[in-house]
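Next comes just one chain, in structure tokens: the form predicted on its own.
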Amino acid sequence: MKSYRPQEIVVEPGVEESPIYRNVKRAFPDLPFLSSAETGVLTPPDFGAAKRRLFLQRHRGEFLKKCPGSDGQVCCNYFVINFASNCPMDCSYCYLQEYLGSNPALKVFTNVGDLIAEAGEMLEKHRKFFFRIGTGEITDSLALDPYIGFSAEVIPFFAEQPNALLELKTKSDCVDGLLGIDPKERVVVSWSMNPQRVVDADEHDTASLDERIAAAKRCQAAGYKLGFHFDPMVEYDGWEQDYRNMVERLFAAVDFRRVAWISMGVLRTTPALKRAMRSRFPSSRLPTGEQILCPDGKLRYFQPLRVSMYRKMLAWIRAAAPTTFVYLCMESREVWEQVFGFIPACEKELGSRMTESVAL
């Protein structure tokens, strides 16, 4: 994948003793490090330009929260940690273009010790509850890892937790920092997957499909469990052959018995996101596809088309990974019933099924 190199780095005074700052200083010794006390924290108004200025600052507030999910859709009882905001990659369909539209600064939070302390307190307080925790809500989990070394700070902590599983979700191949750490079955490294045709057209500055598969194979060999998210699935002429070939290639390279879970979800947009996509990526065909407004305010393919796509993908996945747990992301109870023949009774049931699939 394309290496990330900001034009400048803006530092909040007082964070210079953090391991994140030291790692960034080591990664970019020739770049200007500016004090936010002198430059302020003004961010270029353009979403793409904002990615070229990296901010290092403390996070004020809670790191750990419940995944917001989507109103009226089946939830998988997931928790998220936000260690950064925005992403150095630039997918045309990225919802951050809307979600962070008024605050697009690429920020990395340096007070990792506070993050670990907060997580430790919560996990200790609720030992009877099993937490699945991800870091990829408003950034990519690993795209910045070669420069900030975040994974080396948090994986040893989560490896020792009896009631938590950490998921690192990425479109990168930046896994070198993980390979020398023993995850002790408590860390899942997962990839968002799409055929190379979609990667080329709409997943800019990400790892290629081959690079993602190779990185997954390396992580599995190093003792990590894997996850795969076929999300967003994109419908186009020839999509069936492309997605089927991708599934077959993936499971020819990795052992499905060491895959924790697989999710499926179709392309989701909103009217505001479509406007941002058309403005920033005029050559993309995604904003022109037919979608309908769903009760949660998101635009999706017509329900019969979504069900057909999910059923086909599920058949290809089952042929290659017959026992791996598969679920739908941000889908209605009706779609669950038509695809799987059942509806999770509640988010606790779905979360429990996913925990059991990891066989901890």
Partner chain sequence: MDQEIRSYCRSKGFHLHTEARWLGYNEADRSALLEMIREVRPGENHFKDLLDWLDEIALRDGTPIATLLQKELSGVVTDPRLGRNDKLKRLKEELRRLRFPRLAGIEDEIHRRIRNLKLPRGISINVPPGLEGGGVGVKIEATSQEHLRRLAADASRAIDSDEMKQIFTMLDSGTAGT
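Positions refer to the first chain, counted from 1. This one's a predicted model, so the numbers in the text were calculated from it and none came from an experiment.
The form predicted together with its partner chain exists for this protein as well; it is not shown, and the discussion that follows is about that form.
Judged by heavy atoms within 4.5 Å of its partner chain in the predicted complex, the contact stretch among the candidates 291-299, 52-60, 314-322, 28-36 is 291-299. Not displayed here, its partner chain is approached by residue 285 to within 4.5 Å at the level of heavy atoms in the predicted complex. Interface membership of residue 184, defined by any non-hydrogen atom within 4.5 Å of its partner chain in the predicted complex, is ruled out. Using a 4.5 Å cutoff between non-hydrogen atoms, residue 307 counts as a contact of its partner chain in the predicted complex.
A residue is said to contact a partner when one of its heavy atoms sits within 4.5 Å of a partner heavy atom; residue 235 meets this definition for its partner chain in the predicted complex. Contact annotation: of the candidates 244, 274, 258, 229, the single residue with a non-hydrogen atom within 4.5 angstroms of its partner chain in the predicted complex is 274. Interface residues of 80-107, taken as those with a heavy atom within 4.5 Å of its partner chain in the predicted complex (partner not displayed), are absent.
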